[in-house]
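Only one chain is included here, represented as structure tokens and corresponding to the form predicted on its own.
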């Protein structure tokens, strides 16, 4: 039976981002005491996998790397319909940048879902917005990847037509075999969790694994395996100016067009 693996990242709840701070020595975000939610784009990735399950009988496995207290966040993915979840959680994994994170997730996938046919990720995480993890996972696993995916059509459960949104153009690809796909919000509308899904999720397997369980090279995980560091964390100041143009409608329209030309908007 084909298997889809979905990478899910628990992120700090955006409602509490004003409580985030940066450790000045390590450059790691302090997230203690802040509730987590599933990264929004990861729900779109999960929905693709669940549609493959509904229409073609695929199995759906969720993988993640996060602190152990995020298991309840992963239960939401199980409640949506995933079959099982695996969480890599270990102090040695703390402070990982995108490269060390991708290496760890790739190791987790090799260990627990080696026969995957598709790995699905959100195109970026709301808290990091790097868009790097999906291509790096593909690199470590030695499979192709497609990012900025705005549409996926499953012809027969084996062959897929994938639309890559390049903003100024679209690239349409046809693919078979193992692949990593990073999706955007345009790809679908994720399903809602219902009470039956919540009850079922409590009985589904959710396994927590350490770095030792995954046979990882310790020099490539956590801060030791992270060649990048966060230098600063701040909220940019947003300045807005409002100006009211008065006059007759034709005069106002002409003046507005002139102003837009001046600032390069037209």
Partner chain sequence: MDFKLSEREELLRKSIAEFAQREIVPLVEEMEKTGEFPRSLIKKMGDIGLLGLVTSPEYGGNGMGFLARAIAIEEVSKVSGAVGLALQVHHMACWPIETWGTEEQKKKYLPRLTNGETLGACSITEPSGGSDVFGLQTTAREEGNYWIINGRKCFATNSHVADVIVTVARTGEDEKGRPAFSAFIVEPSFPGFSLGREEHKMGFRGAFTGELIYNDCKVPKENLLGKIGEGLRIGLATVNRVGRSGMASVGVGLCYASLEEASKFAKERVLYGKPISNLQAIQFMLADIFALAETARWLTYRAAWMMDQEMPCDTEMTLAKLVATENAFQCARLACDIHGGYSAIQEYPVQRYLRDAWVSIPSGGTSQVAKVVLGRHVIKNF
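Everything numeric here is computed off the predicted structure, so don't read it as measured data. Numbering follows the first chain given and starts at 1.
The same protein also has a form predicted in complex with the partner chain, omitted here; what follows describes it.
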Discussion item. I'd like to know if residue 71 sits close to the partner chain in the predicted complex, meaning any non-hydrogen atom pair within 4.5 angstroms.
Written reply: yes
Worksheet item: Can residue 113 be called a contact residue for the partner chain in the predicted complex at 4.5 Å between heavy atoms?
Response: no
Fill in: Heavy atom of residue 151 within 4.5 Å of the partner chain in the predicted complex
no
Worksheet item: With the partner left out of view, is residue 76 within 4.5 angstroms of the partner chain in the predicted complex by any non-hydrogen atom?
Response: yes
Worksheet, complete the sentence: The stretch from 223-231, 52-60, 195-203, 210-218 that lies within 4.5 Å of the partner chain in the predicted complex, judged by heavy atoms, is 195-203
Worksheet, complete the sentence: Checking 190, 128, 178, 95 against the partner chain in the predicted complex, the residue with a non-hydrogen atom inside 4.5 angstroms turns out to be 190
